[in-house]
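Here's a solo chain for you in structure tokens, the form predicted on its own.
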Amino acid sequence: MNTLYAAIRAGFEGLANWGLLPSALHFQFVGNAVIAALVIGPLLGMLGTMVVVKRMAFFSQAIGNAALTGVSIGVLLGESNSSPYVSTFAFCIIFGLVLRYTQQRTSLSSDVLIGVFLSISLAIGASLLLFVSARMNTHVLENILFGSILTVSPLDLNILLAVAAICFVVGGVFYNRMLLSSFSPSLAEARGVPVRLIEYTFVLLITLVTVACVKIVGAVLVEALLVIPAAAARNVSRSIREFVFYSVGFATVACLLGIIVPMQYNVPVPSGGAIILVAASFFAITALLRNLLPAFRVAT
């Protein structure tokens, strides 16, 4: 796999030497970042459409913040502070499944329940950070919170690709049923769709993607990259096909520009923040188009 990454990076460097790509791609770490962007862009764009349709933006934010607690637990148990994936995946999966289970068995509204779980998770994480802060560099903590796609390692890429493969396979099989259960659960049940199983499957996918992207976009910002491109796509799409296509496109371009532009023009903006700012500009433009052009006012 590392040989494949090296070949892709060599291709980027060759095109940069010919002036066909930005000169920043001469650097190996920028090549790694671009590979990661080409994976997470389509992945987050596709899942983001479901997050917007199912109104689960706050849920994905809770998972992102729970990752901070998972990292703290991992460091406390002796995992590497730069890649504590075992504890982070384990804690976030348990957190997401318990939260979804509780949602289905309580009369509290979803936003209230998610707020309760989020507060508990952050309290645990903040408390544990007091014990592990001596073992963690401040920059490592900043990368976890706000992301640093420029420090992506081959291990991060391998995990990201594995998660992406799982999501694309499961999404390809269940995507239409997920959409149907989102728009009309009763109709989905009438057609024999296992709605509850689909819900838990989607929770697992969101959790896996969120944890895999934390180091790249940051625990604070990963939810924004799930929601903003899909929201921008919703402004101008007039069909489900356009909705998914635009969302994937916006997310991918935002990731690429958020990496390349600050490097190329020496803009002192963290990569995670730059990615979200580009995505936000897409949302602003599409919102303006929707208000100014009648053709987009009937968008889905």
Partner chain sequence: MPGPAIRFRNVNVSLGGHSILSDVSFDVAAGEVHCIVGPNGGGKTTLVRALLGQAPFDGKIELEGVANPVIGYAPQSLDLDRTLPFTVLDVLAVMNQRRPAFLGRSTVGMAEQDAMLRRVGLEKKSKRLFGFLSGGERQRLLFAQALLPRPDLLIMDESTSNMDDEGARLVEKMVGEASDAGTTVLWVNHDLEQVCRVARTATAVSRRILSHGAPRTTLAVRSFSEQRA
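Residue numbers count along the first chain shown, from 1. None of the values given here were measured: they were computed from a predicted structure.
Only in words, not in the display: the form predicted in complex with its partner chain, which the text now covers.
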For this session: Find out whether any non-hydrogen atom of residue 185 is located within 4.5 angstroms of its partner chain in the predicted complex, and reply yes or no.
Result: yes
Exercise. Applying a 4.5 Å heavy atom distance criterion, does residue 261 contact its partner chain in the predicted complex?
Worked result: no
For this session: Decide whether residue 79 counts as a contact residue for its partner chain in the predicted complex under a heavy atom distance cut-off of 4.5 Å.
Result: no
Exercise. Would residue 65 count as a contact of its partner chain in the predicted complex, using a 4.5 angstroms cut-off between non-hydrogen atoms?
Worked result: no
Exercise. Which single stretch, out of 120 to 128, 177 to 185, 85 to 93, 157 to 165, brings residue heavy atoms within 4.5 Å of its partner chain in the predicted complex?
Worked result: 177 to 185
Exercise. Ok, 112, 190, 98, 197: which has a heavy atom sitting within 4.5 Å of its partner chain in the predicted complex?
Worked result: 190
Seminar exercise, completed: Answer key, its partner chain contact in the predicted complex at 4.5 Å (heavy atoms) among 244, 39, 30, 56: the residue is 244
